[in-house]
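A lone chain, given as C-alpha coordinates: the form predicted alone.
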Amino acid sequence: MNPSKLRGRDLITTQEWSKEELAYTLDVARSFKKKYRRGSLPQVLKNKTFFMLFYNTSTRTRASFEAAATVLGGHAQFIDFATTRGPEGEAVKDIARMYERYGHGLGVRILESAVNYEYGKGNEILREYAAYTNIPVINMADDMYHPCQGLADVLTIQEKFPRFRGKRYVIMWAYSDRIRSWGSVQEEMLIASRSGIDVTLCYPRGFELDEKIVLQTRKNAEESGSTFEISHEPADAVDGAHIIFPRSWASHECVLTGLNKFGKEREVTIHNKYSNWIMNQNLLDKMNKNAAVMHVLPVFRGQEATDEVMDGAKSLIVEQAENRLHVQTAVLALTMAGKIL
(Lines give C-alpha, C1' and ligand atoms only; values in the text may rest on other atoms or scores of the structure.)
Protein backbone atom coordinates (compact mmCIF):
# COMPACT_ATOMS: atom_id res chain seq x y z
CA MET A 1 0.00 0.00 0.00
CA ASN A 2 1.21 3.50 -0.84
CA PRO A 3 1.54 5.46 2.45
CA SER A 4 0.64 8.70 0.67
CA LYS A 5 -2.96 7.45 0.44
CA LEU A 6 -3.38 8.14 4.16
CA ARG A 7 -1.94 11.64 4.10
CA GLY A 8 -4.49 14.15 5.38
CA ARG A 9 -6.89 11.45 6.60
CA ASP A 10 -8.84 11.97 9.81
CA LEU A 11 -8.89 9.12 12.34
CA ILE A 12 -12.09 9.41 14.34
CA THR A 13 -12.84 5.69 14.62
CA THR A 14 -11.08 2.68 13.12
CA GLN A 15 -14.44 1.66 11.67
CA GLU A 16 -14.04 4.44 9.09
CA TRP A 17 -10.72 3.10 7.79
CA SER A 18 -10.60 0.06 5.54
CA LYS A 19 -9.21 -3.25 6.76
CA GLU A 20 -6.29 -2.79 4.38
CA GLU A 21 -5.53 0.65 5.85
CA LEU A 22 -5.70 -0.67 9.41
CA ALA A 23 -3.50 -3.67 8.62
CA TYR A 24 -0.97 -1.44 6.88
CA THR A 25 -0.91 0.97 9.85
CA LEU A 26 -0.22 -1.93 12.20
CA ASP A 27 2.57 -3.17 9.92
CA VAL A 28 4.13 0.29 10.01
CA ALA A 29 3.76 0.36 13.81
CA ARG A 30 5.61 -2.97 14.08
CA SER A 31 8.39 -1.68 11.84
CA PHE A 32 8.61 1.61 13.72
CA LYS A 33 8.76 -0.24 17.04
CA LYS A 34 11.94 -2.01 15.91
CA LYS A 35 13.41 1.22 14.57
CA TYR A 36 12.52 3.07 17.78
CA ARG A 37 14.53 0.57 19.79
CA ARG A 38 17.47 0.99 17.42
CA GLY A 39 17.16 4.76 17.46
CA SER A 40 16.67 4.88 13.70
CA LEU A 41 13.14 6.21 13.19
CA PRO A 42 12.72 8.33 10.03
CA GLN A 43 12.45 12.05 10.72
CA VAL A 44 9.33 12.44 8.60
CA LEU A 45 7.80 15.08 10.88
CA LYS A 46 10.74 17.47 10.82
CA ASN A 47 9.44 21.05 11.13
CA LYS A 48 5.89 19.78 11.60
CA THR A 49 3.62 20.51 14.58
CA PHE A 50 0.85 18.34 16.00
CA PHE A 51 -1.56 20.30 18.19
CA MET A 52 -3.09 18.31 21.06
CA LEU A 53 -6.30 19.90 22.33
CA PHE A 54 -7.30 18.37 25.65
CA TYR A 55 -10.76 19.01 27.04
CA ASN A 56 -10.06 16.16 29.48
CA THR A 57 -6.99 15.00 31.37
CA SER A 58 -4.86 11.99 30.47
CA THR A 59 -1.90 9.97 31.65
CA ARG A 60 -0.82 7.99 28.58
CA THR A 61 -2.41 9.86 25.68
CA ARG A 62 -0.52 13.11 26.07
CA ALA A 63 2.80 11.44 26.90
CA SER A 64 2.62 8.92 24.06
CA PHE A 65 1.64 11.49 21.41
CA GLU A 66 4.36 13.91 22.53
CA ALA A 67 6.94 11.16 22.46
CA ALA A 68 5.73 9.96 19.06
CA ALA A 69 6.07 13.41 17.50
CA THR A 70 9.51 13.93 19.06
CA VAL A 71 11.04 10.67 17.85
CA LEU A 72 9.80 11.43 14.31
CA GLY A 73 11.53 14.82 14.41
CA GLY A 74 8.41 16.90 14.99
CA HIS A 75 6.77 18.74 17.86
CA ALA A 76 3.53 18.01 19.73
CA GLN A 77 2.08 21.06 21.46
CA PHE A 78 -0.15 20.45 24.50
CA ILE A 79 -3.16 22.74 24.80
CA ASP A 80 -5.48 22.61 27.79
CA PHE A 81 -8.87 23.67 26.43
CA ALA A 82 -9.59 25.49 29.70
CA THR A 83 -6.71 27.87 28.92
CA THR A 84 -8.13 28.81 25.50
CA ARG A 85 -10.97 31.23 24.73
CA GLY A 86 -13.18 28.26 23.92
CA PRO A 87 -14.87 28.21 27.35
CA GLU A 88 -15.85 31.85 26.74
CA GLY A 89 -17.72 30.85 23.60
CA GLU A 90 -15.21 30.97 20.76
CA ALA A 91 -16.59 28.90 17.86
CA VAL A 92 -15.09 25.51 17.07
CA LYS A 93 -14.77 26.45 13.39
CA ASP A 94 -12.63 29.47 14.29
CA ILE A 95 -10.34 27.41 16.51
CA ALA A 96 -10.06 24.67 13.88
CA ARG A 97 -9.19 27.07 11.05
CA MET A 98 -6.54 28.74 13.19
CA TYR A 99 -4.79 25.46 14.04
CA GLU A 100 -4.78 24.57 10.35
CA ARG A 101 -2.73 27.68 9.62
CA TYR A 102 -0.34 27.04 12.53
CA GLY A 103 0.37 23.34 12.19
CA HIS A 104 0.03 20.04 10.35
CA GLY A 105 -2.24 17.89 12.52
CA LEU A 106 -4.77 18.25 15.32
CA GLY A 107 -5.63 15.80 18.08
CA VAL A 108 -8.74 16.29 20.21
CA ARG A 109 -9.70 14.55 23.46
CA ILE A 110 -13.26 15.28 24.57
CA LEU A 111 -15.66 13.20 26.67
CA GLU A 112 -17.56 12.82 29.95
CA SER A 113 -17.46 15.97 32.09
CA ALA A 114 -16.25 18.09 29.16
CA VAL A 115 -19.60 17.58 27.41
CA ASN A 116 -21.74 17.42 30.54
CA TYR A 117 -21.98 13.63 30.14
CA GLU A 118 -24.17 13.99 27.05
CA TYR A 119 -23.52 10.81 25.06
CA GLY A 120 -22.34 11.47 21.51
CA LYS A 121 -21.67 15.16 22.10
CA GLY A 122 -17.91 14.70 22.30
CA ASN A 123 -17.87 12.81 19.02
CA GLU A 124 -20.08 15.47 17.44
CA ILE A 125 -17.72 18.29 18.44
CA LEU A 126 -14.69 16.32 17.31
CA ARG A 127 -16.28 15.85 13.89
CA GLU A 128 -16.97 19.57 13.79
CA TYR A 129 -13.23 20.23 14.15
CA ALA A 130 -12.63 17.80 11.28
CA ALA A 131 -15.23 19.52 9.10
CA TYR A 132 -13.60 22.94 9.41
CA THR A 133 -9.95 22.08 8.90
CA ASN A 134 -7.96 20.47 6.12
CA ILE A 135 -5.24 19.05 8.36
CA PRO A 136 -5.79 15.52 9.74
CA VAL A 137 -7.83 15.34 12.94
CA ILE A 138 -6.98 12.47 15.28
CA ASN A 139 -9.42 11.31 17.93
CA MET A 140 -7.50 11.12 21.22
CA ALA A 141 -10.66 9.70 22.92
CA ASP A 142 -14.28 10.77 22.84
CA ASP A 143 -17.44 9.38 24.40
CA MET A 144 -18.03 6.90 21.52
CA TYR A 145 -14.61 5.87 20.21
CA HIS A 146 -10.89 5.66 21.03
CA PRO A 147 -9.15 4.57 17.79
CA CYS A 148 -5.48 4.81 18.78
CA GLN A 149 -6.17 2.71 21.85
CA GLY A 150 -7.98 0.14 19.75
CA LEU A 151 -5.09 -0.09 17.29
CA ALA A 152 -2.55 -0.46 20.10
CA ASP A 153 -4.58 -3.21 21.71
CA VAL A 154 -4.91 -5.23 18.51
CA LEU A 155 -1.16 -4.85 18.01
CA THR A 156 -0.63 -6.20 21.53
CA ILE A 157 -2.92 -9.16 20.87
CA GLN A 158 -1.14 -9.95 17.60
CA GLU A 159 2.24 -9.84 19.33
CA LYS A 160 1.04 -12.22 22.04
CA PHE A 161 -0.82 -14.48 19.61
CA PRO A 162 0.76 -14.39 16.12
CA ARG A 163 -2.02 -16.74 15.04
CA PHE A 164 -4.64 -14.43 16.47
CA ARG A 165 -7.60 -15.41 14.31
CA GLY A 166 -10.07 -17.42 16.33
CA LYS A 167 -8.60 -16.37 19.66
CA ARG A 168 -11.34 -15.38 22.07
CA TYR A 169 -11.31 -11.93 23.61
CA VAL A 170 -13.58 -11.23 26.59
CA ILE A 171 -14.47 -7.60 27.23
CA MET A 172 -15.91 -7.82 30.73
CA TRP A 173 -17.69 -5.16 32.73
CA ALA A 174 -15.92 -4.85 36.07
CA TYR A 175 -16.96 -3.04 39.20
CA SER A 176 -15.86 0.48 40.01
CA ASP A 177 -17.39 3.32 41.97
CA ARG A 178 -16.26 5.73 39.20
CA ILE A 179 -18.45 6.57 36.23
CA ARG A 180 -16.78 5.85 32.90
CA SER A 181 -17.95 6.38 29.33
CA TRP A 182 -18.24 3.78 26.58
CA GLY A 183 -15.60 4.94 24.08
CA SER A 184 -12.71 2.56 24.78
CA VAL A 185 -14.93 -0.50 25.11
CA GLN A 186 -16.85 0.20 21.92
CA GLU A 187 -13.71 0.86 19.87
CA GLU A 188 -12.27 -2.38 21.21
CA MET A 189 -15.29 -4.36 20.05
CA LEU A 190 -15.25 -2.83 16.59
CA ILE A 191 -11.59 -3.29 15.70
CA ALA A 192 -11.20 -6.72 17.31
CA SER A 193 -14.22 -8.10 15.46
CA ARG A 194 -12.93 -6.71 12.14
CA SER A 195 -9.54 -8.31 12.78
CA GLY A 196 -10.90 -11.85 12.96
CA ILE A 197 -10.72 -12.10 16.74
CA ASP A 198 -13.68 -13.76 18.49
CA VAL A 199 -15.28 -11.24 20.86
CA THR A 200 -17.37 -11.97 23.94
CA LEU A 201 -18.99 -8.98 25.65
CA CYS A 202 -19.89 -9.75 29.26
CA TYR A 203 -21.83 -7.41 31.54
CA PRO A 204 -24.62 -7.32 34.14
CA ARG A 205 -28.05 -6.69 32.68
CA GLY A 206 -28.61 -2.96 32.49
CA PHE A 207 -25.10 -2.18 31.23
CA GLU A 208 -25.84 -2.58 27.53
CA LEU A 209 -23.79 -0.44 25.13
CA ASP A 210 -24.77 1.59 22.06
CA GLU A 211 -27.15 -0.64 20.10
CA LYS A 212 -25.91 0.62 16.71
CA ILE A 213 -22.31 -0.16 17.61
CA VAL A 214 -23.25 -3.60 18.92
CA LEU A 215 -25.01 -4.32 15.61
CA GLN A 216 -21.95 -3.06 13.70
CA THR A 217 -19.73 -5.34 15.77
CA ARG A 218 -21.95 -8.28 14.92
CA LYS A 219 -21.75 -7.37 11.22
CA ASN A 220 -17.95 -7.01 11.46
CA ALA A 221 -17.71 -10.50 12.93
CA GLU A 222 -19.84 -11.99 10.18
CA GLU A 223 -17.73 -10.35 7.48
CA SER A 224 -14.40 -11.33 9.02
CA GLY A 225 -15.40 -14.89 9.90
CA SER A 226 -15.11 -14.33 13.64
CA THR A 227 -17.79 -14.58 16.31
CA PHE A 228 -19.51 -12.08 18.59
CA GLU A 229 -21.36 -13.20 21.71
CA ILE A 230 -22.98 -11.50 24.69
CA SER A 231 -22.86 -13.06 28.15
CA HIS A 232 -24.09 -12.08 31.59
CA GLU A 233 -22.08 -14.68 33.52
CA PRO A 234 -18.35 -13.95 34.00
CA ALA A 235 -17.40 -17.54 34.85
CA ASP A 236 -19.00 -18.82 31.66
CA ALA A 237 -17.61 -15.98 29.53
CA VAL A 238 -13.97 -16.49 30.54
CA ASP A 239 -14.00 -20.29 30.30
CA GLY A 240 -11.18 -21.15 27.90
CA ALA A 241 -10.79 -17.54 26.73
CA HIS A 242 -7.42 -16.23 25.53
CA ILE A 243 -7.63 -12.53 26.44
CA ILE A 244 -9.55 -10.64 29.13
CA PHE A 245 -10.17 -6.91 29.42
CA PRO A 246 -12.00 -6.04 32.68
CA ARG A 247 -13.33 -2.48 32.74
CA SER A 248 -16.19 -0.56 34.27
CA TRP A 249 -18.60 1.52 32.20
CA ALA A 250 -21.75 3.48 32.93
CA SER A 251 -25.17 1.85 32.85
CA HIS A 252 -27.30 2.09 29.72
CA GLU A 253 -29.98 4.20 31.38
CA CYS A 254 -27.44 6.56 32.89
CA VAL A 255 -25.73 7.20 29.55
CA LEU A 256 -28.96 7.73 27.65
CA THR A 257 -30.35 10.01 30.36
CA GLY A 258 -27.09 11.84 31.07
CA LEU A 259 -25.25 11.45 34.35
CA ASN A 260 -26.15 14.92 35.62
CA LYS A 261 -29.85 14.20 35.14
CA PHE A 262 -29.66 10.56 36.21
CA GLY A 263 -27.66 11.34 39.34
CA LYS A 264 -24.17 10.18 40.24
CA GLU A 265 -25.29 8.77 43.60
CA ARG A 266 -27.99 6.70 41.89
CA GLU A 267 -25.51 5.38 39.33
CA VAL A 268 -22.94 4.43 42.00
CA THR A 269 -25.70 2.58 43.86
CA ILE A 270 -26.36 0.53 40.73
CA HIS A 271 -22.65 -0.21 40.34
CA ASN A 272 -22.42 -1.29 43.97
CA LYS A 273 -24.90 -4.09 43.33
CA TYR A 274 -22.22 -5.78 41.26
CA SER A 275 -19.16 -5.21 43.43
CA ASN A 276 -18.36 -8.93 43.08
CA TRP A 277 -17.64 -8.42 39.36
CA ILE A 278 -13.87 -8.26 39.82
CA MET A 279 -11.18 -9.84 37.69
CA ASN A 280 -9.40 -12.12 40.12
CA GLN A 281 -7.24 -15.23 40.08
CA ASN A 282 -10.26 -17.55 40.21
CA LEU A 283 -11.51 -16.17 36.89
CA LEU A 284 -8.02 -16.16 35.39
CA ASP A 285 -7.61 -19.85 36.29
CA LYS A 286 -10.66 -20.66 34.13
CA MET A 287 -9.05 -19.13 31.04
CA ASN A 288 -6.71 -20.70 28.50
CA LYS A 289 -3.34 -21.66 30.00
CA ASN A 290 -1.64 -19.08 27.76
CA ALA A 291 -4.17 -16.37 28.55
CA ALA A 292 -3.37 -12.67 28.62
CA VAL A 293 -4.79 -9.89 30.79
CA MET A 294 -5.18 -6.44 29.24
CA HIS A 295 -6.45 -3.05 30.35
CA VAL A 296 -6.42 0.37 28.70
CA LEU A 297 -5.56 1.97 32.07
CA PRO A 298 -6.07 3.49 34.49
CA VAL A 299 -7.16 0.29 36.20
CA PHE A 300 -8.94 0.77 39.51
CA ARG A 301 -7.12 -1.82 41.56
CA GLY A 302 -9.13 -3.71 44.13
CA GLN A 303 -12.32 -2.87 42.23
CA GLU A 304 -11.99 -3.78 38.55
CA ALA A 305 -9.16 -6.23 39.16
CA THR A 306 -6.86 -7.48 41.87
CA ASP A 307 -3.18 -6.60 42.14
CA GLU A 308 -2.42 -10.31 41.83
CA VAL A 309 -3.90 -10.37 38.33
CA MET A 310 -2.70 -6.95 37.14
CA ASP A 311 0.88 -7.54 38.32
CA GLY A 312 0.97 -11.22 37.42
CA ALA A 313 2.87 -13.00 34.68
CA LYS A 314 -0.12 -12.95 32.32
CA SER A 315 -0.60 -9.19 32.50
CA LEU A 316 0.24 -7.22 29.34
CA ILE A 317 -0.76 -3.78 30.60
CA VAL A 318 2.76 -2.29 30.35
CA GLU A 319 3.35 -3.68 26.85
CA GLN A 320 -0.11 -2.50 25.86
CA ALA A 321 0.60 1.03 27.10
CA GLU A 322 3.95 1.09 25.29
CA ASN A 323 2.24 0.14 22.04
CA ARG A 324 0.28 3.38 22.14
CA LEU A 325 3.58 5.11 21.30
CA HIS A 326 4.36 2.85 18.36
CA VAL A 327 0.87 2.94 16.88
CA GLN A 328 0.84 6.71 17.16
CA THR A 329 4.19 7.11 15.45
CA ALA A 330 2.63 5.21 12.56
CA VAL A 331 -0.60 7.23 12.61
CA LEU A 332 1.20 10.59 12.73
CA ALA A 333 3.69 9.64 10.03
CA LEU A 334 0.97 8.39 7.69
CA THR A 335 -1.62 11.10 8.21
CA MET A 336 0.68 14.13 8.58
CA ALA A 337 3.48 13.19 6.18
CA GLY A 338 2.17 10.37 4.03
CA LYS A 339 5.54 8.66 4.15
CA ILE A 340 7.46 6.26 6.37
CA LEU A 341 11.01 6.59 5.03
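Computed from a predicted model, the values in this text were never measured in an experiment. All residue numbers refer to positions in the sequence shown, first residue = 1.
The form predicted together with a further copy of the same chain is left out here; the points below concern that form.
Only one of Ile171, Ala130, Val255, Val71 comes within 4.5 Å of a further copy of the same chain in the predicted complex through a heavy atom, and that residue is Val71. Shown without its partner, this chain lists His242, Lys160, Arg109, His271 as candidates; in the predicted complex, only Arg109 has a non-hydrogen atom within 4.5 angstroms of a further copy of the same chain.
Taken together, the three residues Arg9, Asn134 and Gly196 all stay farther than 4.5 Å from a further copy of the same chain in the predicted complex, as judged by their closest heavy atom.
Taking the partner from the other structure, a further copy of the same chain in the predicted complex has no heavy atom within 4.5 Å of any heavy atom of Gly166. Under a 4.5 angstroms non-hydrogen atom cutoff, a further copy of the same chain in the predicted complex has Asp311 among its neighbouring residues. Using a 4.5 angstroms limit between non-hydrogen atoms, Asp94 touches a further copy of the same chain in the predicted complex. Not displayed here, a further copy of the same chain is kept clear of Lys34 by more than 4.5 Å at the level of heavy atoms in the predicted complex. For the partner-free chain shown, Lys46, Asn47, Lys48, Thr49, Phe51, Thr57, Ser58, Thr59, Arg60, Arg62, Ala63, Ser64, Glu66, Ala67, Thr70 of 45-70 come within 4.5 angstroms of a further copy of the same chain in the predicted complex, judged by any non-hydrogen atom.
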